[in-house]
Every structure is written in C-alpha cells, then in structure tokens.
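The chain below stands alone and is given as structure tokens, in the form predicted alone.
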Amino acid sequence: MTDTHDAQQEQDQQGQHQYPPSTGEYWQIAAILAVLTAVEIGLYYAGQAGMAASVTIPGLIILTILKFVLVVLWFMHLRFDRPVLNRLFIIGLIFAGVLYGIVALITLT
C-alpha cells in the first residue's frame, strides 16, 4: 500500500497527473459531457428533420464512444489505474466492438 502511495506521489512530483482529480476537473468533464449530449440531441433532431442517416448515425456513434471513454477514464478512475488494467479494458472493448459489428452484419444481411 505504501509503495503505491509513494509511486503516486512521485508521479505527481514529476507532473504526470494529480490523483485524486480536483472538484474543478470533475466539473469540467461534466460540462464537456453536457455539451456532447446537447450535440447528440441536436444531431438526433437534425436526422428527424431530414438530415441523411449516413451522417447522423455515425455521428451519434462517435459521440457516444467519446462520452463513454470520458466517463470510464474520469469517473471510473481508469485513467489512474495500472497500465495492465487499461490494456485489459481496451481489449475487452475491442472484442465487444467486433462482436457488435459481426452481429450487426448478420442482422442486416
């Protein structure tokens, strides 16, 4: 436990990151998430108003992925975990994306 704490202090001194994040940083992320959500809502209504689905659907997917990554990195503290945990999470995310793509292709054909 002490080794982990010492390692975090050493990283803080080197300027790599601050743990735990300040309240202000959480508010900044919340504001970014709110803006991304507003863009998603606008994109949805633009699609309802006649914007091409080839624009709205990929846009919504990209915004959803961005929001997911922000929530996982900041609010679930994955950003501050050991690199091996980050890699495991990314491998699982890639696997889920590939599986989702395969199911989508099978369903559409």
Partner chain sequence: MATETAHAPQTNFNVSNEKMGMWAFLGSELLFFGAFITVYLVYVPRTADGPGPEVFDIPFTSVSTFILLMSSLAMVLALAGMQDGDLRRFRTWTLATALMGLVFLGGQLYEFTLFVQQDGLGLTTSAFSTSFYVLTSFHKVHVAVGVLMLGTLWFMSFTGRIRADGQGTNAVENVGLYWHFVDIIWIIIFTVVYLIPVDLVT
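Positions refer to the first chain, counted from 1. This is a predicted model, so every value here is computed, not measured. We call the rigid core the largest set of C-alpha positions that still match within 1.5 Å between the two forms.
Same protein, other form: the form predicted together with the partner chain, not shown, and the subject of what follows.
S.K.: Using heavy atoms and a 4.5 Å limit, would one call M76 a contact residue for the partner chain in the predicted complex?
M.R.: The answer is yes: M76 has a heavy atom within 4.5 Å of the partner chain.
S.K.: Do A30 and the partner chain come within 4.5 Å of each other in the predicted complex, heavy atoms counted?
M.R.: Output for A30 is yes: heavy atoms within 4.5 Å of the partner chain.
S.K.: Does V84 make contact with the partner chain in the predicted complex, using a 4.5 Å heavy atom cut-off?
M.R.: Result yes; V84 sits at the interface with the partner chain in the predicted complex.
S.K.: So, in the predicted complex, is A53 in contact with the partner chain at a 4.5 angstroms heavy atom limit?
M.R.: Taking the distances in the predicted complex, the answer for A53 is yes, it comes within 4.5 Å of the partner chain.
S.K.: Looking at the partner chain in the predicted complex, which residues in 24-60 have at least one heavy atom within 4.5 Å of it?
M.R.: Y26, W27, A30, L33, A34, T37, E40, I41, Y44, Y45, A53, I57, L60, in sequence order.
S.K.: Is there a C-alpha shift of 2 Å or more at V84 between the shown form and the other one once the rigid core is superposed?
M.R.: Superposed on the core, V84 moves its C-alpha 2 Å or more between the shown form and the other one.
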